[in-house]
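Just the one chain here, the form predicted on its own, laid out as structure tokens.
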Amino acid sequence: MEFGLSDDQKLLENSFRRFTEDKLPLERIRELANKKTGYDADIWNGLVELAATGVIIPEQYGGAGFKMLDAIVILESLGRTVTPVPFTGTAIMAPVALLTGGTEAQKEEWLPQIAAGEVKFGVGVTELISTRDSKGVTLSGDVLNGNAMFVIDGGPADMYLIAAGPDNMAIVPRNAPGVTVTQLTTIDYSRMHTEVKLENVKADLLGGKGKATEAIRKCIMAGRLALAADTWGAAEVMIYKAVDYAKERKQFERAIASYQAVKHMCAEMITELDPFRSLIWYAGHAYDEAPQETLINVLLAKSGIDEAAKFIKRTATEVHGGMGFTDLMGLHYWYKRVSVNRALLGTPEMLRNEAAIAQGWLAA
């Protein structure tokens, strides 16, 4: 049995790589990062034209009707160029939640708008994974109160999907009365996450009261998988940048790539990274084709690639020497992207603990 991308998926990969690389040379990445918006309309519109925003949305709702593995191919390309768009929240987590737990009316209202790129969603589920004191959202009757921290892609969002406990998720307009959005400062300026404060906000509950348990579970799982694919793409580019620099940088009239120690550093980075692409791909494949295997594979994929990327970002910087810390090389944009991805939706330690519980090795 051969497991890999189909010819159509390879074409998809090539299309998005060409698009993102043409749109985002280093100077453009630097310019957009300095704006600190996590959004560029030109790139977003290009993704809409390529049907990326509706990649996993069924055709009946105006989407492309593709599978999660196809979305992963796109996400790897976005990670490779640290693309400043709210893709994970809008095109992955929100559609998964709506398709899993939304009423038919909610699906018909929001999925076509997402597919057409007319609305951007931020997703707030952090409090179900770890929470700060006094933070979190509560539901009383049909009214929401509280603070949702680190709402993914919340900066440019028009709408929010906010979890209120493990079994309720609310659709909240950004401009609704009682909603206050505060942009959070992280080291990664290519995406903007927010704190959303809710004061007596009327809730439009996904599927109805107490009916979003499965939607929240799958939303978090899909988000973790999306972040893993994004990290993989960013880590791969850091390796290529290190190798290219080693070929150009000379020491004692020799390219440093000719020194065995530097060769070993580059080889170790590839060795650390390579196994996780197939694991991430398989997790994406399992999402649609073998759902019973998805959870464990997603947990291991994200925890594993986060650890590998930690090694790669450090080693790639070391290959660059002192230049690795400068804005001239721009390596820090990828460094920061994988660093924030590591923290979002659970650190490697948390995910490995969750995997052990899921497999019965630890008590819940």
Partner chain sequence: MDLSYGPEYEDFRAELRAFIEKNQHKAPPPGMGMKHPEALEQDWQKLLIEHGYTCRTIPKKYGGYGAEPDILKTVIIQDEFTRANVNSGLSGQGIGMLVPTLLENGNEQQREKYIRPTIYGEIHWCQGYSEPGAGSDLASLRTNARVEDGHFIINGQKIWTSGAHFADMCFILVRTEPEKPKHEGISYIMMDMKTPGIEVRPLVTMTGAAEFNETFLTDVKVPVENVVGKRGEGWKVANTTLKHERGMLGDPSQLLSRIESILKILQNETLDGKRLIEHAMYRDRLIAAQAKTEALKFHSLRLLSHTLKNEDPGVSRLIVKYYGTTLSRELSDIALEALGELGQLYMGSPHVRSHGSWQWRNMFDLGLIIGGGTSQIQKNIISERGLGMPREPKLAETK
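Numbering follows the first chain given and starts at 1. Values in this document were obtained by computation on a predicted structure and should not be read as measured data.
From this point on, the text means the form predicted together with the partner chain, which you will not see here.
Visitor: Could you check which residue among 200, 183, 140, 103 gets a heavy atom within 4.5 Å of the partner chain in the predicted complex?
Guide: Contact with the partner chain in the predicted complex is made by 183 alone.
Visitor: Select from the listed residues 59, 49, 318, 31 the one whose heavy atoms reach within 4.5 Å of the partner chain in the predicted complex.
Guide: Filtering the options by heavy-atom distance leaves 318.
Visitor: With the partner left out of view, is residue 349 within 4.5 angstroms of the partner chain in the predicted complex by any non-hydrogen atom?
Guide: Heavy-atom contact with the partner chain at 4.5 Å: present for residue 349.
Visitor: Even though the partner chain is not shown here, does residue 190 get within 4.5 Å of it in the predicted complex, heavy atoms only?
Guide: No, residue 190 sits far enough from the partner chain in the predicted complex that none of its heavy atoms falls within 4.5 Å.
Visitor: Going by a heavy atom distance of 4.5 Å, is residue 10 a contact of the partner chain in the predicted complex?
Guide: Yes, residue 10 is a contact residue.
Visitor: Consider residue 175 of the chain shown here, and say whether it contacts the partner chain in the predicted complex, taking contact as heavy atoms within 4.5 Å.
Guide: No, no contact at 4.5 Å.
Visitor: Choose from 206-214, 221-229, 81-89, 148-156 the stretch whose residues reach within 4.5 Å of the partner chain in the predicted complex, heavy atoms counted.
Guide: Comparing against the partner chain in the predicted complex, the contact stretch is 148-156.
Visitor: Check, residue by residue, if 15, 39 and 108 all come within 4.5 Å of the partner chain in the predicted complex, counting heavy atoms only.
Guide: Not a single listed residue reaches the partner chain in the predicted complex, so no.
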